[in-house]
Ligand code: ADA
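Encoded as structure tokens, the following chain is the form predicted on its own, with no partner shown.
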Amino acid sequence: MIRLFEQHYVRRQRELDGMWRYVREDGREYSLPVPGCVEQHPELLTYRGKGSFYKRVSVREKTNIRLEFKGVSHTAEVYFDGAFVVHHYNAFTGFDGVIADVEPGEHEIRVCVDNSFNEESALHIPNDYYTYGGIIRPVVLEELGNAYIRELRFTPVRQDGVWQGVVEAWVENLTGKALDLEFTASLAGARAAGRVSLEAGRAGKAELSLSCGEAEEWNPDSPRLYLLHTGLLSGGVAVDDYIERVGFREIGRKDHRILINGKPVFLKGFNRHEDYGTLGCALPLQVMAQDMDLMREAGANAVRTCHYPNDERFLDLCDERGMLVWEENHARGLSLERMCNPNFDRQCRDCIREMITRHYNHPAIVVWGILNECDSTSREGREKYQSQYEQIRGLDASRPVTSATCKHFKDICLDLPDIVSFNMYSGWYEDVPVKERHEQEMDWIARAGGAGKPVIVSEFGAAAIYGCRDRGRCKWSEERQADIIRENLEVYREDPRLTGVFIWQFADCKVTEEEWFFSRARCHNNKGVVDEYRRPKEAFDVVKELFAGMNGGRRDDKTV
């Protein structure tokens, strides 16, 4: 399944899921599922290196083909009938390539994949989550006419109590001659049309505004969604279409709070990795839906996509369920030395651009995040934080930005984001009273540039191995994990200065052995309130108990 709704009626589109031929760089051949991780195969459980996926496809008539890859881990080179199409780095953002004038008949797609750690890769490094290999998200083949809608953006704006929808489309001309086309949009009972003129082989932009006075707002309690239909016509004949699912909502900030449509919201959330037992990071919809159901059962209204952009289908579920999303770029725990990798700035810019370009229309996304626990204590590091915040604001001024810091009392970047977020593991890494440590942190934040800003506890928690029970409540036991989470939540729920908390983490996930085996039992990050197979630990019920009715110490407001 590509998305949870139809995106095209005019444009021909088909999924290329199924079994693909995979050839490792040493010549060994396998038949592997796509989407999937190579580590699913019993002979490839720990394989890290290069390989090529092959798939034969047929077309009935001469056409232009667009190949869209939702995620390949982590470096990909795509070939069509042996000719190079596109290169891409980063497992967690989508990319595409267009092949013009494809003749009828059978053709071969080859995708060269590399998940190794090397100096070319600034972001995929040995880390506290696993870098799997393979085509990990869906692949789509589209047949295009002379022009197609490459990108579509919807921005809701409320004017005098009436919702307006600003629709922007970037249209690509695939021919060697100029084109003059009609661009249409319909949404929530409103319709508009305009013209877009395209030079030969170039792209152009169309923009329309729709007055949607009958539209209902999207909010966490009532996540009303609408289908935005757009199309291209030539001489009155439809040549392309693009459908997005959107919601009418505004995000604001006031008095330490995040506002959704003018109402304060307190974020009660989980940090969630895309990782499941034997499946790796190639999660099917069934697992995504189960994760959503379990988080909802626990009382969560928010999720953080640590530490990379998530699968669009999961974001679709968040849109449907009213689950608020903090989505962040792909960079975790990088030292200044690693941030000075010559590829770091470019790979971060690409990730941010692809994340926002592809996920802009999700109403559930209310915060953009960057650079989790990276170097924010040096002048060079600050320049990189500032550059990335500026890039995001240039791409999307409608959502606040933040970054989760663990540089307590040393961070020099707290004045840069709209929201201050910090990771705190009182009771686990530091055996200190939670309340005392929390007050020290909040006082420092106010002095270090965070005064007047919303504040989020972006990570807290403890590790436990599923089924490890101990009457003495030793570390790694379910009892100790539950105790630590309870103590933290009881402090945070009484603090009106906070606008949200995110438990680390929802489910246990695999980590890379390099650099992490000595501090991660089973080579897993075991801080999930459920294990890697979604079996709840004792802490799950503690979260469920304390999330109920929690709104950050403000019992008398209308927080949702």
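Small disclaimer: the values here were computed from a predicted structure and weren't measured. Throughout, we count residues from 1 along the sequence that is shown.
Below, we refer to the form predicted in complex with ligand ADA, which is not included among the displayed structures.
From the list 181-189, 212-220, 295-303, 418-426, the contact stretch for ligand ADA in the predicted bound form under a 4.5 Å heavy atom rule is 418-426. The contact with ligand ADA in the predicted bound form, taken as any heavy atom within 4.5 Å, belongs to Asn372 out of Asn115, Asn173, Asn372, Thr230. Contact with ligand ADA in the predicted bound form, judged by any heavy atom within 4.5 Å, is made by just one of Asp128, Glu244, Glu312, Glu479: Asp128. Although the partner is absent here, His307 sits close enough that one of its heavy atoms falls within 4.5 Å of ligand ADA in the predicted bound form.
Contact check for Asp411: no non-hydrogen atom falls within 4.5 Å of ligand ADA in the predicted bound form. In the predicted bound form, ligand ADA sits within 4.5 Å of a heavy atom belonging to Arg520. Using a 4.5 Å cutoff between non-hydrogen atoms, Asp240 does not count as a contact of ligand ADA in the predicted bound form. Contacts of stretch 510-541 with ligand ADA in the predicted bound form, defined by any heavy atom lying within 4.5 Å, are made by Arg520, Asn525, Lys527, listed in sequence order.
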